[in-house]
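Just one chain is shown here, as structure tokens, and it is the form predicted on its own.
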């Protein structure tokens, strides 16, 4: 538990901390010259401020409400009215029922063995009960100006689901906001006196956006898995999730894109180069890689000797583009960006090709185009009416052609794609008896057709058929199957009529194929 300060890659100073640190931030707390930033270290319920590499100030979070029943029990134990065993039993009973949690002292007392309770009680019974929260994350917020050396406020997230904004000089609480769950990481933008946004990732797997005018979240972003990294790029929020994905959302919660990563995310940071107008996201992965993403496009990959646990990009010394990384085994790496470096999107990145986002070279509008646009705007109703009239005529012509094809029945074929059939008919004889032969063919590639039947519709006052309904055997693709029957003319007036043929499935009334046969009255009559 130490605070180490490096100049370049050499250790400059080292300070011992009283508790395990949970966050660190550098900020300007006043306008005094020379302009030297202070360092704030969050540890337990306190914030330790170091100025000129020396301890300067300590801020302790305000205490939380203490359970009244718990206070009464410890008061009775202090006066000797109850023994340690009874105290433990009563604390256990109220632990599961009350809304206000027990203090750390009571929780520690409940975890002790019976022989150690009396000593603990004698040591702590005279001290007042306090319940304090701990700091989970820390950030900085500009006070009134957006300058790099402007005075900044401290933003603190606590285990009690609160976010505090502290004054940089007097260290008073300027604003207090409440979240539905304890925060784990945050990203702050804006100025406290003007307008600001605090984007907070919480332990319940959601992301909340806090604004100046409200003490509760304004927007909520629900994720499919828990966030492990949070960076704000422009007005959008980029989140690294535990399901090995990188997702982007608007501040109102609309999902923009998602990229699949090769390994779990260990840390995230933003990469901002204002001189080039370049913004991207740096990802430390569990496979010993650091990847650079702009939107969902992978720009670069850096191999590291160990897993990177924290990462930071910015000005370091005289270099504007410096990448500082720490590794799991305690290593420190510093990389400097080349001033001639260029960043190009890779076509191998998941998603649509890059050519899709390139704007088309649309030619300028000509005078003919402008005149045509004006004509369409002035005569829009008449042009629409003419279009509807032509469309109605086209539909009428198609309907007439369809009716004519049904009436003529030239080489009838089935319209079904699953059971395509073809049929032609041959009438033989001089009368009054005729032989009617139907040649049925399955035109499918490899699928047989079965359970078919042929039905005839005719004028019973003119004709009589031996078999007006016949079953068709299984039709193998490519083969022609003849179906024969006999028709007898019962009229002596020398007239002829049409016999209608229907091919359909057995037990169904909707035909697959229909045909009309003009019966002859003399030689040479065939199917029309």
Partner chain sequence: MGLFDRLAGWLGLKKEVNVLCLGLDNSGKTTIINQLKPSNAQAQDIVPTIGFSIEKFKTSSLSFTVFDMSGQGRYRNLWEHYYKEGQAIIFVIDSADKLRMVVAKEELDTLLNHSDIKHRRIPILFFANKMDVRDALSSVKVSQLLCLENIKDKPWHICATDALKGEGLQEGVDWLQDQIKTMRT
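Numbering follows the first chain given and starts at 1. Please read these numbers as outputs of a predicted model, since none were measured by experiment.
What comes next is about the form predicted together with its partner chain, which does not appear here.
State the residue from 233, 336, 307, 129 whose non-hydrogen atoms include one within 4.5 Å of its partner chain in the model of the complex. Answer to the contact question: 336.
Using a 4.5 Å cut on heavy atoms, which of 167, 289, 319, 272 is close to its partner chain in the model of the complex? Answer to the contact question: 319.
Looking at heavy atoms inside 4.5 Å, which stretch does its partner chain contact in the model of the complex, given the options 447-455, 82-90, 199-207, 311-319? Every other range fails; the passing one is 311-319.
Wondering, does residue 9 line up within 4.5 Å of its partner chain in the model of the complex on heavy atoms? Judged by the heavy-atom cut-off of 4.5 Å, residue 9 is in contact with its partner chain in the model of the complex.
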